[in-house]
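Okay, here we've got a single chain as structure tokens, the form predicted alone, with questions on binding and movement later.
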């Protein structure tokens, strides 16, 4: 699929002296916008009332968006790598914004299927393309610190809800004076329709800003003082390249698919039930208003750890390696889940600390996986490979809530559950993390038969000290 000339990769090659630290803000401009997908709970109750339907019917919107994220990332990954980040970010902005506009129309006209089509399908395509659009570019600009680079951008996806949630409440309060954002008040459907319209236009502007400031390095560029031969001395790090088509034929790709699936499924197990979970664990006679406030604060705390984990843990992986950091995510995470299931209900502070660290591992797993792929498969089509791997996220987005909700449905009535009712689901997550831990241990360097033929060597250009 051809792109207009002003979007092509050739038009955005950085000249001498370009500051590579301008690239993370471009990526953040996209990821902070698409991270709104984690803030859908703000208007869920309003949509249930407006459409006179069930919470499950509204929750499907999120599931469709996550499934489309994985499918579109896998489908368009090679196109993104071939055409460059500006074309990808521009396309993502158009799909993401259009998804909100079509969703707004569906809410305004009372057509739920339009909301499925708009936010779920069209917006979900924008999610997938937008999520992977800066990945390979960041890795090429930061070959010396790929974990730091991808962590900075993907941190934005985890933190998008921190901006979208309060912004959405303020806008719905503006559009519906009867709504004040407190427990017991629900905004009108027209207020949510106007919210979608506003967000669609605002996100379009910010994502296009990111698209038009992004640049790619010249083919012979490398950071001052960076020696690829030294990077090769690290375990599992290659200076070779593997195409996306060959990567999915390797055992390493599918082992990492299992690793990501297990880590994400376990994390979603907590995120999906975060608010009711803390109330059920500590059902001690507090008023519903106090419990709701505590639950909201807990969800906000988890968002902070989700965001912070994406930066802190992925940066740490630059020093200790990608395989060891996943041993932490999965091995230590396994222990934390056991503690959450057994002693998590003994004190609020224990529960909160355990859950927060688990969610930081969940976020860290997302941010570290592009660098892990770069180590194993090189930079040639790492964006496309990342896109294919994100199908694990789609699968986990279905499996995680299904596991937890199925277990809880057999244990009692929502609102009457206690800590013990969650233990079977938590121990299932322990088993998944154990499977992921073993899969990570089995990851070895990719065999030479999958490497791309070497191109004719050229002298690398080291930028002046203005490139930091």
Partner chain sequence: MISPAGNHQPSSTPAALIAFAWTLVGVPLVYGLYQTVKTASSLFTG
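The structure displayed is predicted, hence computed values, not measured ones. Residue numbers count along the first chain shown, from 1.
Same protein, other form: the form predicted in complex with its partner chain, not shown, and the subject of what follows.
In summary, among the residues 300, 324, 110, 228, the only one with a non-hydrogen atom within 4.5 Å of its partner chain in the model of the complex is 300. Contact with its partner chain in the model of the complex, defined as a heavy atom within 4.5 Å, holds for exactly one of 94, 167, 398, 148, namely 167.
The stretch among 190 to 198, 152 to 160, 77 to 85, 99 to 107 whose residues place heavy atoms within 4.5 Å of its partner chain in the model of the complex is 152 to 160.
The closest heavy atom approach of residue 15 to its partner chain in the model of the complex falls within 4.5 Å.
Of the heavy atoms in residue 71, none are within 4.5 Å of its partner chain in the model of the complex. With a 4.5 Å cutoff on heavy atoms, residue 304 counts as touching its partner chain in the model of the complex. A residue is said to contact a partner when one of its heavy atoms sits within 4.5 Å of a partner heavy atom; residue 388 fails this definition for its partner chain in the model of the complex, lying far away. Looking at 25 to 40, the residues that come within 4.5 Å of its partner chain in the model of the complex, counting any heavy atom, are 25, 28, 29, 32.
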